[in-house]
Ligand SMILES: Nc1ncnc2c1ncn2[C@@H]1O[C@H](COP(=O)(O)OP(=O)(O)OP(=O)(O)O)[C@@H](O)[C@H]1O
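Next up is one chain by itself, shown in structure tokens, the form predicted alone.
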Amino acid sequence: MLELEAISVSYGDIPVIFGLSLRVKAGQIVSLIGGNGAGKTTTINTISGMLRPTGGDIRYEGASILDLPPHDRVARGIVQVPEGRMLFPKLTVRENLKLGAFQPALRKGLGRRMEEVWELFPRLRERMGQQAGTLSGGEQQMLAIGRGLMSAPRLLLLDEPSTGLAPVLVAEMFRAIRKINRRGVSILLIEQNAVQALRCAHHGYVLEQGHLFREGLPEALLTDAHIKAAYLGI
């Protein structure tokens, strides 16, 4: 479904990603883990079109998308939920969700998709008329994911969805991620919570200082001595 083929990315003259290749197959959850500054967010911003690689290619459903602007990638089904939520704090929950369906082609199924978001996150239905800026951190993250779902993604790019959440909400968030995947949405998950990220994934990648360090099945990565010491606190 999605293939990164030896992409390199720089900020000005400073290279930050070095020949990264990864793949997300249709129906999969793929986790990309790594420490602060590893290049995880840069990777996801490159996939969504916010950054252009200096080398390599990005292929989606067999075709290069390097020349597609971000809004055309959304129209193709590639939707990013950014780190930090990036909500419109003065707008209501309902208004934030409706902005996720800003493209004309999405407006026809707006009501149905909103019901799907209410079903996934019932607390958002209870707060549909409340300003987004007054929600708790966990509710804001639910809203950010819900807004992404309103764009009818086929591939959802999640950037640090558990950041700043209490442990009980982290568990709830990962249950929601699994449920979204069971609905047929492929997911690339960027996470510092390596244990949770790998446990819910079909495949995992480890990024260190812009280089691919390891990849493989989650069970293997969870038992890798270096990964246990560096990311799992073992």
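Being a predicted model, the structure only gives us computed values, none of them experimental. So that there is no doubt, residue numbering starts at 1 and follows the sequence shown.
The form predicted in complex with the named molecule exists for this protein as well; it is not shown, and the discussion that follows is about that form.
- When the named molecule is considered in the predicted complex, only one residue from Gly37, Gly55, Gly27, Pro70 comes within 4.5 Å through any heavy atom, namely Gly37.
- Thr41 is the sole member of Asn181, Thr41, Ser48, Asn193 with a non-hydrogen atom within 4.5 Å of the named molecule in the predicted complex.
- Remark: of stretches 29 to 37, 59 to 67, 167 to 175, 193 to 201, the one touching the named molecule in the predicted complex is 29 to 37 (heavy atom within 4.5 Å).
- Taken together, the three residues Leu157, Phe213 and Glu215 lack any non-hydrogen atom within 4.5 angstroms of the named molecule in the predicted complex.
- The named molecule is not drawn, but in the predicted complex it has no heavy atom within 4.5 Å of Glu116.
- The named molecule is not shown here, but in the predicted complex it comes within 4.5 Å of a heavy atom of Val16.
- At a distance threshold of 4.5 angstroms between non-hydrogen atoms, Glu126 is out of contact with the named molecule in the predicted complex.
- Residue contact with the named molecule in the predicted complex: Glu83 places a heavy atom within 4.5 Å of it.
- Residues from 205 to 220 do not approach the named molecule in the predicted complex: none has a non-hydrogen atom within 4.5 Å of it.
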